[in-house]
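Given as structure tokens, the chain that follows is alone and in the form predicted on its own.
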């Protein structure tokens, strides 16, 4: 708990207020104290109201005082509000072939635990959605097996109740956003004042309060995605599966949602496993505990497998220097250089990413972009 409190203090000290507010909401939910959660929601609303009025002025003394009161109240809690990972699913060499067409998902194995985020990356049409739908029980598998460890009777109904699947194209809902959230919470047995509290929490947690009294046609596709995540989270699934959740979000919202999903997975209030597919591999790699790369139905990469350990170093760079200038600085026998029309990919058996950068900087090679992709799935694209 003390580490989490210090984390929030650091966010506030460096004016990362949005992140501080979201983490405060998380902690107050985890300690299961309704009064503290109500105070955190009120504090969050104050912040969002300030953002709407004037984004450039300081948040004010009251904001800091209220934060300190909340943190002081949280300090009495020990480390009991932590979650221990539990195995949700064991996937053993599952495969799927469609009767029409030539596509086939080759055998894939993995394991999914609560508190974990798994990223499924790859280009469109290569099997990501097929794999996710198999896990969600929406598609039958041709071979292998899926062990739903926490389900004593894993029929279609219990799988659907325990595993939530959010498709890329979200089905249209009717009525007001807030009414739908209240209904979703009631489906999981949350009623009365607790229903009101949890809906208010979710609206603030995903920054939906300003849209609570709107309908489907009045919000953008990005906010429809946020709403659907909020609606599903209120039902407290054991496993949340999201197919291309970043597709309808802007760059800032993508990183916010990914960070939020990681925190939500590790919630002590309701820890869960999260699987998401995306083409935004760098963003996914930042938050995922495990990454699977699927190409033409084959899982070519899985985090932690010894066969996937990189044998060479690799970096991406963007520079005005020519290939010849780079080779001259780095050594013709030391590196291999590929150019994709925008960035250079430099690989070497001997020179690490730091070595390569040091040589380029020492020789006044100007760089506008640099990324170490030695252990990234980018190498497989």
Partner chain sequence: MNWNRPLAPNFLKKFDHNLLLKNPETWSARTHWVWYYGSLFCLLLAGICFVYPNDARSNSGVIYWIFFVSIISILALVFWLIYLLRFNVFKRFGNITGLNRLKVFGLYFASVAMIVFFTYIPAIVETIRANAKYKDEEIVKDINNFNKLVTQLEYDSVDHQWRMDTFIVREEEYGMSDKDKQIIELTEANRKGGFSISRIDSSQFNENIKKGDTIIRLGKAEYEMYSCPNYIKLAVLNADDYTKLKLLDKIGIYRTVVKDFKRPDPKKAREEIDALMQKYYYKEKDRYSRYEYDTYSNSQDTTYEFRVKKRYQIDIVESSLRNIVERKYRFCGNDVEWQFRVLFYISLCFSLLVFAFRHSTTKTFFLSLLTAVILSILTGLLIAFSNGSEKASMTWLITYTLIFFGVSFTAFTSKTRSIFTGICVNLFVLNIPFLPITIVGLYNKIIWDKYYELERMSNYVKHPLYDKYTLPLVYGEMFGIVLLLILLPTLIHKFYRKWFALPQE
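Residue numbers count along the first chain shown, from 1. Keep in mind that what you see is a predicted model, and the values were worked out from it rather than measured.
Quick note: we don't show the form predicted in complex with its partner chain, though the next part is all about it.
Peer 1: Please determine, with the chain shown alone, which of 283 to 291, 178 to 186, 238 to 246, 218 to 226 has non-hydrogen atoms within 4.5 Å of its partner chain in the model of the complex.
Peer 2: So the stretch in question is 178 to 186.
Peer 1: For the three residues 106, 130 and 168, verify that every one has a non-hydrogen atom within 4.5 Å of its partner chain in the model of the complex; reply yes or no.
Peer 2: No.
Peer 1: Residue 115 versus its partner chain, in the model of the complex: is there a non-hydrogen atom within 4.5 Å?
Peer 2: Judged by the heavy-atom cut-off of 4.5 Å, residue 115 is well away from its partner chain in the model of the complex.
Peer 1: Considering only heavy atoms, tell me if residue 138 and its partner chain come within 4.5 Å of each other in the model of the complex.
Peer 2: Residue 138 belongs to the contact set for its partner chain.
Peer 1: So, in the model of the complex, is residue 231 in contact with its partner chain at a 4.5 angstroms heavy atom limit?
Peer 2: Yes, residue 231 is a contact residue.
Peer 1: Give a yes/no on whether residue 101 approaches its partner chain to within 4.5 Å in the model of the complex, heavy atoms considered.
Peer 2: Contact check for residue 101: no, nothing within 4.5 Å of its partner chain in the model of the complex.
Peer 1: Which of 210, 123, 196, 250 has a heavy atom within 4.5 Å of its partner chain in the model of the complex?
Peer 2: The residue from 210, 123, 196, 250 that makes the contact is 196.
Peer 1: Looking at 86, 160, 270, 295 here, can you tell me which has any non-hydrogen atom within 4.5 angstroms of its partner chain in the model of the complex?
Peer 2: Exactly one residue meets the criterion: 160.
Peer 1: Which residues within 247 to 283 place at least one heavy atom within 4.5 Å of its partner chain in the model of the complex?
Peer 2: None of them.
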